[in-house]
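One chain comes next, on its own, written out as structure tokens in the form predicted on its own.
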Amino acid sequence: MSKYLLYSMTYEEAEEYLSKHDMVILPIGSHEQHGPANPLGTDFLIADALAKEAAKRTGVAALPPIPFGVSFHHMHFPGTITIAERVLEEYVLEVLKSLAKWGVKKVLIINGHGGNLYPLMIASRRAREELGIKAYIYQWWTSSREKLAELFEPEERGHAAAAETSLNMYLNEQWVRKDRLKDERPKKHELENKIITFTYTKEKSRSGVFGKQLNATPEKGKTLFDTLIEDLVKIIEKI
């Protein structure tokens, strides 16, 4: 079967795929600010692009992306949409319940937004206990950290900084405002490395950018995307 997107299949084609495969890929992101230059959909757009290409190369079918995530910290920036942690947890679990009905045993969640991690971890644990599904979580900035570090300096790897912006320039260049690129060093609390507390993005960055963004290029984005895909394909094959 040449199709690799579950939503592009008819139910008969889906039945054929599910009779031979017990794994799918689920991209998840957010709809939130990424500085003046990047689109609000950055996180789910990148996650979806990774899911599609990985599915194409491995034959493991990809689902449509879940576009909304836990983004309370960005709510001072217009257009940001957030959902509660428990809502995301339950939503993902409901999706996995349907997949379980059709024999799926493994799900690779490609998470494009760090704020989603904790509810996804709970959903992963519950999926195993309640559904017999193993849900794995891939995040490109952590799962492929070593490869990312080969291409970008630490200051270029923050929220909406050069790494993320370069991916956008390569994948969705028509939506990136190159005339609005900027660098901003985020403010740090004196106890930041000693304690953890909730903070709003505006308390750390006026623009919403965390670090150096001006060095972003579509060429760097392509190199990063290709590198991430190579790593992701290996991960899928091992799973």
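Keep in mind that this is a model prediction, so the values were computed, not measured. Residue indices: 1-based, along the sequence shown.
From this point on, the text means the form predicted in complex with another copy of the chain, which you will not see here.
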query: Contact label in the predicted bound form: residue 150 to another copy of the chain, heavy atom within 4.5 Å; finding: no
query: Heavy atom of residue 207 within 4.5 Å of another copy of the chain in the predicted bound form; finding: yes
query: Distance check, residue 219 to another copy of the chain in the predicted bound form, heavy atom within 4.5 Å; finding: no
query: Partner contact for residue 169 in the predicted bound form: another copy of the chain, 4.5 angstroms, heavy atom; finding: no
query: In the predicted bound form: members of 46-78 within 4.5 Å of another copy of the chain, any heavy atom; finding: 63, 64, 65, 66, 67, 68, 72, 75, 76, 77, 78
